[in-house]
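Just one chain follows, in the form predicted alone, and it is written as structure tokens.
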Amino acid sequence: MDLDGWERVSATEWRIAPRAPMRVAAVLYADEALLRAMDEKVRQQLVNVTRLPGIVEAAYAMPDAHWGYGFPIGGVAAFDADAGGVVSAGGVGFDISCGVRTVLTALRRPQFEPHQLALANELARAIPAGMGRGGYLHLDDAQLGEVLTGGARWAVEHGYGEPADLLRIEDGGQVLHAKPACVSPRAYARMRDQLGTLGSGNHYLEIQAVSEIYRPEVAEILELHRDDVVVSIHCGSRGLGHQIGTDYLQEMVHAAPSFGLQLPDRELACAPIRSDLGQRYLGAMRAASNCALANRQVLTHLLREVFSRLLPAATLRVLYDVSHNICKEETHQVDGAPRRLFVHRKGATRAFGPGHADVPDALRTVGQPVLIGGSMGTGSFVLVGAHADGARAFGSACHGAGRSMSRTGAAKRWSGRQIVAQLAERGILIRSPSMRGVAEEAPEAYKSIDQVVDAAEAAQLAHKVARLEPLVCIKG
């Protein structure tokens, strides 16, 4: 992307001033190298978002931004229902409530390494992964309805976890005001045997070691120390979320003229928040969020079972669980006054700072953990929110490294088997049912995770706490 049209506000903040038909500014957080490496479509999509009714303050893009469906991935925008604001299925995405959960193990790297191969093989057997792969739970519609209402809380109540887990999950593990009745029979059918599965694409379960500590006083509260072994799970609402996105995008496109909406891009299909369609989508989206939370909870249960068999000295406790494809109703200060807004985060995560009421009690002094997943051969990061009042991009930060090459391009360029062999030489064990999937997720197909996270910190979106190095990766 060239810099024409961008006003440089700082080393990591770029702005396009509003001009008709834009309603607000477009703001992108990145250093110059990251910005220049981005596709021109990121600018186009971000500017298109600024044209949606009821948008507040600005449309934002994170340092990992890349082209997506409707919104750029890494896009953040908030809408005021009282000002005619809309909710956009393209602003949430198809993998609703995809997110990351990081789990502490109470193990040190020397304790883990003798068991690395056995754990890699056993996790590959025990954790269902891959496109369309079903799991061990087979739920009827009534049971699925309970999952879509109860989220991770349903899973814990049914023996898949511990009550303490819920204290370290966004929304306490259960998103309120979900409406399972607004979810189509097709979406139900796609989820019937997928609870407790990773899925495909960039989803993974990864055993990691803490390789660097940047803020020791914060890391101590998060119980992170150099050479600690942790596990991160990255997945979402599987086929159910995808079907909800598909169903409502189609309905929103067809309904747009009846709302008087002139869409800058049909992929930005939306509906007024106060409309019946807008409310039905929000209810279905919240149901998908509960599905994703329950999914990560059941996967945590399967993870615990494997560790209990092979490494019983481990004690697995949830550090935090946060979603990054979501729309949430939140209160934010705008022009010095509190406003109730519907904040879309697509490929972006909440990053609430110290003292924020929505941060769990045990973590409130340091802020909400921000879990940034990298590629299978690089690393991941734990950060914490920087601002209690959500002063930057409505309290948001990036969610990963961000792709720099399409999956098709990566599969043409690299061999999955070669990648597995190369990473094994570095001590990183990859297990996947699809070698093409491994090629699509080649580490070189992503931006530099270090560069992205450094830009996020320089922009005061979040503060670095710890870097995590991959040891075992179970890929979908």
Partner chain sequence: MHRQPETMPAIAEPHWEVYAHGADVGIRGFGAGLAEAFEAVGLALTSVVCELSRVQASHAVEVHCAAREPEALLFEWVNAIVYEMAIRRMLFRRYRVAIVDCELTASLWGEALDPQRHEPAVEVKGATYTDLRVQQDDSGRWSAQCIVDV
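Numbering follows the first chain given and starts at 1. As the structure is a prediction and not an experimental result, all values here were calculated from the model.
What comes next is about the form predicted in complex with its partner chain, which is not displayed.
Contact with its partner chain in the predicted bound form, defined as any heavy atom within 4.5 Å, is confined among 25-33, 404-412, 422-430, 57-65 to 404-412. A heavy atom within 4.5 Å of its partner chain in the predicted bound form is found for exactly one of Gly201, Pro264, Gly145, Pro354: Gly201. For the options Ser375, Gln174, Gln243, Thr105, the residue carrying a heavy atom within 4.5 angstroms of its partner chain in the predicted bound form is Gln243. Taking the partner from the other structure, its partner chain in the predicted bound form has no heavy atom within 4.5 Å of any heavy atom of Pro114. Pro360 falls outside the set of residues with a heavy atom inside 4.5 Å of its partner chain in the predicted bound form. Taking the partner from elsewhere, Asp321 is found to have every heavy atom lying beyond 4.5 Å of its partner chain in the predicted bound form. Proximity of Leu249 to its partner chain in the predicted bound form: non-hydrogen atoms within 4.5 Å are present. Annotated contacts: Arg15, Gly84 and Arg274 are all free of its partner chain in the predicted bound form [non-hydrogen atom within 4.5 angstroms]. Along 167-200, a non-hydrogen atom within 4.5 Å of its partner chain in the predicted bound form is carried by Arg186, Ala189, Arg190, Asp193, Gln194, Gly199, Ser200, in order along the sequence.
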